[in-house]
Each structure stands twice: as structure tokens, then as C-alpha cells.
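Single chain ahead, by itself, as C-alpha cells, in the form predicted on its own.
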């Protein structure tokens, strides 16, 4: 028996969430597609064909070859205007031993009495679910039923009695409001029905793997959190909060009755209630209205790795660093010589991890007295204290802009998935509250524009500080 999953034909109501793949929208913190794949496993199906459509690369990235489900997944493409059943008709004999087809925003909702034994009753006959005058679900082992389905002769029959006997309710999500309410119902009452083997729901809270939370985070069930998430200190999550995979929640946030879609950053001190957050979009689930937020420090879409983006950053960073070194060389020699003669400070060697995680030594300036002087303020204001580190950029050991370098000892590399140790970081541009969160944020939102923003604040804000302090003196 084989399965065909159609991920094309983007439903109109999902457009409010941007260009993200609709089959990866979370239901109870997990992508809809994961429920389809587990449905295949429950039916004993191992051969799965996924027909790709919009956002195909994200679907492939999520599913891979199917190994983590014990499946063998293959991919194919059809044109957007083509009927998926015409694809099945190209090689009708291929499905002769049994076919499972899913091709719409359909959630196989489990009733309270669901069991795997009851599920097998679907295979004894023919189960078809229609939505919007087209089939979105079909399963049968009967050859004649499969042939009729491929010839589009079975549309119009929705055997609810068959689904009920299997302990299922095939729910076709109609719009944003329906999608939001389904998630709230699932997380309130039904999450324990969809747990994979080896997992458990404790105190009505379902939390995935690799979720990093400080002890100061407060969870108020019921709630559901996906995989690979980071939640900042003093945040409050729940009740009825659904957080998908790869989400960054900054410190002191309060979330309730909300859905946070995958690859989203939620900024510090935000309170979100009764909303859906998709990247930089905040959606009202009651009427579907959408508000786009331009400030990336409030909410933002995190992005996957982009090698061209990093190449542009590297080229710009190296050339700008060379310009800084040329401009600062003579002032650095003169001012540092005076500072050393007056005994006001010196550079000390510190070990840290450079590009690629290799251990390197960097020079950091340490003042001999905590009392500021005009000489030291000028030295700091024109960033001469970073001059030796700029040489590390030219030698390829550091980036010009990025993350605060990790100490060689005591800091784990795996805490930051993408490591970009740099001379200047967000901690130079803003008040540093959570270095780790800043590092995660930069890893996902890095760009040439972000580097220019860091440089503008890190270089010019220092000059302004010197002018203000000098004027006050």
C-alpha cells in the first residue's frame, strides 16, 4: 500500500501568513504534515510520494527522506493547474495494492475512543472525504474503488459513519478563525491523543525537544511548545499558547491564547493575547485582519541559512575593516603610546572561539582605573580599543559584525546553531540584557543591512557619548 500527499494548491485563507508552506502550519505546535506522515505509519504504509507545490524546498527540508518516521519518501512536481488525480492516472497500476491520498487542509482529528485497531477498519472498505467539490482524502485497498477514485467517480460521498467507526473526525480547516479555534480546542483537551511513542504530556503541557528555558520562565497549562525553541528569562507562557518549531521568545514576554508560527522572533517585553504571530505579521483570528510590523526588534521572521547573504557580509566586512585599519593606524599608535606612558591601561590577551569554533587569542583593552578620563573616553569613542581585533578580521578569524565571541572555556558551542564571532555586535549597539538571545537573533536575521545598523550604532553612538560626557564635564 502506498500514500500520495498533495502539498500544492495553496488555500486562499493561508495567504495572510505570508509565503510559508500551508502544510507546515502548526496544529497543537506540530506541523500539519507531521500528522499526515504519522497517519501513514499508523496504517502500516512505508512508501510515500509527496507532490510538491508552493514552498517546496521547506517541505523537503522538513521531511527529508522520511527516515525519522521509518518511511521512504519520494518527491514529484505537477503544475499548479493540474489535477492531482490526473497524476495518479499516469500510472494507475502503481496504486493497485492500496492507496492513501491526502490533498487538502485536512486534520485527522482523533476522537476520545480512538485506537490503532479501529483505524484499520478504514482499509476494509473505501473512505472518501470531499471539501469544496473536490476530494481531500481517500483510502482503500480495493482495486475497483481506487480506479473509480482516479477516474473522479467517487466525489460527493462523505462516509462519516466510516470515519466514526475508525475513531476519527476528518476536519477540513475552512479559514483563519476555524484554524485558530481548532488549535485552542486541541491544546485544551486533546494533545495527549497525538503523542508519539516515547513521549508524554505532563500537567497538560506538551513540550518538544531542545527547548531552552531559564528557571524564571513560568508555564501555565494547557500549552504546547514545538522543537528547537528558546524562551527568554522572566517570560510567562500560557494558558492556551501554541508555539511551533524554531521560535525565539525574548525575555519578559507574556503570551496567552495565541499561536506563534515557526521561524518567528518575539521581542522583549511584549504581551500577546488572542493573536496569531507569523514572522513580522500579527493576525487577528476573529476577522483575519493582518498587521505587518516593520521594527524587527518587536516581531520578525527568522530566515534559513543563505550563503550569498553571508558572502556579501564577508566581502563588505573585510573591505570596511581594511578602511578602518588604515584610518585608525596612526591615531592608535599615538594615543595608545600616551596611555601606556601614563599608566592608564593596556591590552591583555584573552582566549575565545573564532570563526568555525577554533580557539584564538584576542587583545582586549583593560583600563587601570575605573575612573574615566578624557583620554580614555576618546580612545574608546573612536573605537581604538577594538583596533587589534580588527586585525583578526583581516586575518579571517573574526567577522566585523556578528555575535559576542564565546570564551574558549565555559561556554558551549551548541547553544548557538550558527556562530558568527565578531568585533561589533548588538551588545555594542544596545544595552546588553541577554547575550545568548542576541546571538540567536543575529544568527537568524543577519544581513548586510543588519551589519550596517550595528556599525552605525557601535561607531557613532560612542562618539556621541564622548561629546555628552565632555560637555557635562
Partner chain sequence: MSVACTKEQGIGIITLSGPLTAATVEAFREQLAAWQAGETNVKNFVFDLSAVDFMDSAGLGSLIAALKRITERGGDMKLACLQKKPRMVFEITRAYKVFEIFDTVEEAVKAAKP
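Residue numbers count along the first chain shown, from 1. This one's a predicted model, so the numbers in the text were calculated from it and none came from an experiment.
This next part talks about the form predicted together with the partner chain, which is not shown.
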{"item": "Listed residue that, although the partner chain is not shown, lies within 4.5 Å of it in the predicted complex (heavy atoms), from 203, 91, 287, 124", "value": "287"}
{"item": "Option touching the partner chain, based on a heavy atom within 4.5 Å in the predicted complex, out of 261, 352, 100, 253", "value": "253"}
{"item": "4.5 angstroms heavy atom contact with the partner chain in the predicted complex for residue 275", "value": "yes"}
{"item": "Residue contact check: residue 283 to the partner chain in the predicted complex, 4.5 Å heavy atom", "value": "yes"}
{"item": "In the predicted complex, residue 292 touching the partner chain (heavy atom, 4.5 Å)", "value": "yes"}
{"item": "Residue 164: touches the partner chain in the predicted complex, heavy atom cutoff 4.5 angstroms", "value": "no"}
{"item": "Partner-proximal stretch of 376-384, 127-135, 143-151, 245-253 relative to the partner chain in the predicted complex, 4.5 angstroms, heavy atom", "value": "245-253"}
{"item": "Stretch 255-271: residues contacting the partner chain in the predicted complex, 4.5 Å heavy atom cut-off", "value": "269, 270, 271"}
